[in-house]
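Coming up is one lone chain in structure tokens, specifically the form predicted alone.
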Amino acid sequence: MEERRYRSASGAPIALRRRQHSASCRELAVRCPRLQLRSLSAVTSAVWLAAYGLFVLSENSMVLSAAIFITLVGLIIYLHFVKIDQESLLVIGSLGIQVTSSYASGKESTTFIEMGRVKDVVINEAIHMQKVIYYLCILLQDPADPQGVSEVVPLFQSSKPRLDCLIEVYKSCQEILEQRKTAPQSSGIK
């Protein structure tokens, strides 16, 4: 297992873990920074100070109870549905590509794409907030038109790695895709 440090499009530190299970099976995982206690404390303090200010003005204790409740519910929603700690890509040449997002709460979201549906893996660019950002995506083959693309599946949407990290993931994916394209021809299957 090999781990390298990179930066995201916003400048936050991220880590790319690369694990090769076999010649045609690789796992690439991008880990985002964990939730910082400092930022969590700052947001909680700001909400509770605002609630205390409203309590002093209105002299209604329900304001403080509501602030505590809203903070706790907001934190649970953020950890379970928003904050992603790791995004991974498992490429198996003979089967397909599995994309997994691991949330801070421990919840995982997994999508599997059969290799027969994969046309290519490419690095694309987009303009976002007066900046050019790059992202990796899987092009899915159109069943009606073998030369066409039916869908584009973007990868690493939460971590948003910079181009240098994306190039390493791209090269790993392309090595396996090339093996898949040359395997039927060289294996002597009749």
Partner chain sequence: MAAEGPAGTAHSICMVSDFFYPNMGGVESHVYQLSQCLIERGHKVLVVTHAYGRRKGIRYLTNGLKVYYLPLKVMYNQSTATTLFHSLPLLRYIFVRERVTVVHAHSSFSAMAHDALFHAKTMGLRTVFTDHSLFGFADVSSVLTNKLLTVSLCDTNHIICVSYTSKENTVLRAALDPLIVSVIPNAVDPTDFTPDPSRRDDSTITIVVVSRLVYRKGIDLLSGIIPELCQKYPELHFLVGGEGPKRIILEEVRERYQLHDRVRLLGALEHQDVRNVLVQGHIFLNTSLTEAFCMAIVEAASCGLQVVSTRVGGIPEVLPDNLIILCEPSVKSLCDGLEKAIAQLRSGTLPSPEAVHSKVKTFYTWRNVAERTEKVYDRVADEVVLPMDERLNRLMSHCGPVTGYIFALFAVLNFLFLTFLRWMTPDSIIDVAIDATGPKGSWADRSPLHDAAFQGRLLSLKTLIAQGFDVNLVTTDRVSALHEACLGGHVACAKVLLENGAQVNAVTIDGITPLFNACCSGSVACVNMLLEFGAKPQLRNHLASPIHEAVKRGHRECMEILLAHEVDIDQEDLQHGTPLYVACMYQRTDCVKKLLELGADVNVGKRLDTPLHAAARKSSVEVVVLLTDYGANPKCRNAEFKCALDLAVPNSKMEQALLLREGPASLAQLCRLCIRKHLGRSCLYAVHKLHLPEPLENFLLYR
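Everything numeric here is computed off the predicted structure, so don't read it as measured data. Numbering follows the first chain given and starts at 1.
The following text describes the form predicted together with the partner chain, which does not appear among the structures shown.
Please tell me which of 70, 50, 62, 126 lies within 4.5 Å of the partner chain in the predicted bound form, judged by heavy atoms.
By the 4.5 Å heavy-atom cutoff, the listed residue in contact is 126.
Counting non-hydrogen atoms within 4.5 angstroms of the partner chain in the predicted bound form, say which of 149, 163, 43, 54 makes the cut.
By the 4.5 Å criterion, the partner-contacting residue is 163.
Where, among 151-159, 54-62, 32-40, 128-136, do residues come within 4.5 Å of the partner chain in the predicted bound form by heavy atom distance?
Among the listed stretches, the partner-contacting one is 128-136.
Mark residue 9 yes when one of its heavy atoms lies within 4.5 Å of a heavy atom of the partner chain in the predicted bound form, and no otherwise.
Flag for residue 9 set to yes.
At 4.5 Å, heavy atom to heavy atom, what parts of 72-89 sit next to the partner chain in the predicted bound form? List them in sequence order, or say none.
None of them.
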